[in-house]
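So this first bit is one chain, no partners, the form predicted on its own, shown in structure tokens.
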Amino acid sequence: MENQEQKSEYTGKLFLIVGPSGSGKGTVIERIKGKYSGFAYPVSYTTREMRNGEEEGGSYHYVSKEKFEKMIKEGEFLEYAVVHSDNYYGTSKKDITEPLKRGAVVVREVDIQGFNSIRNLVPKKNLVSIFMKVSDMEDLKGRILRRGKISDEELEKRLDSAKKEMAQAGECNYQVENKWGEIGDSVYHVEKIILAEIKSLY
């Protein structure tokens, strides 16, 4: 009963931008963030190494595996998963639930595992999911390689994960194709969905 009572307190709306690594989720959110600073943008926790150009608290909070596992034991995550067979990624429970209780618009990027976990915990009326599609696997492969040097084994893991994720795109409320070089168009469509959906809050 405690969970049900907690859920009934949500008056905001959570927008999950879903898709595989390299699909443009983070870039779309950064563009939305630049226009709508009043929305809440929770930052994920991860045990992966920080890449060149990244900083703590930007796209992620970077923590050790020991610290992450301690947070799991203490029940701090709304959802978490092991991605690409080695690194933990997770969403802080309070970073999502507290803004929703305040009636805020919350925008968050997740992979399909995160989406499947969160949709079982947040009521449908408070949740909207948008899947970021890519043209094809060769397009996605090129995007992943442009982000930095990775091993052939790691590349195969990511492409295999991406195939599984794209097979579940239809589970989301909306799908937006993010064509290479046309990020502005993708942002426009995501923004349009968000603005149409939040009308019901006011």
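We number the residues from 1 along the sequence you see. Given the structure is predicted, the values throughout are model-derived calculations rather than measurements.
A second form of this protein, the form predicted together with a small molecule, is not displayed here; the remarks below concern that form.
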(message) At 4.5 Å by heavy atoms, is each residue in Arg48, Val83 and Glu109 next to the small molecule in the predicted bound form?
(response) yes
(message) Arg158 versus the small molecule, in the predicted bound form: is there a non-hydrogen atom within 4.5 Å?
(response) yes
(message) Taking the small molecule as it sits in the predicted bound form, is Pro99 in contact with it (heavy atom to heavy atom, 4.5 Å or less)?
(response) no
(message) Is it the case that Tyr60, even though its partner is missing from this view, gets within 4.5 Å of the small molecule in the predicted bound form, heavy atoms only?
(response) yes
(message) Taking the small molecule as it sits in the predicted bound form, is Lys13 near enough to touch it, meaning that at least one heavy atom pair lies within 4.5 angstroms?
(response) no
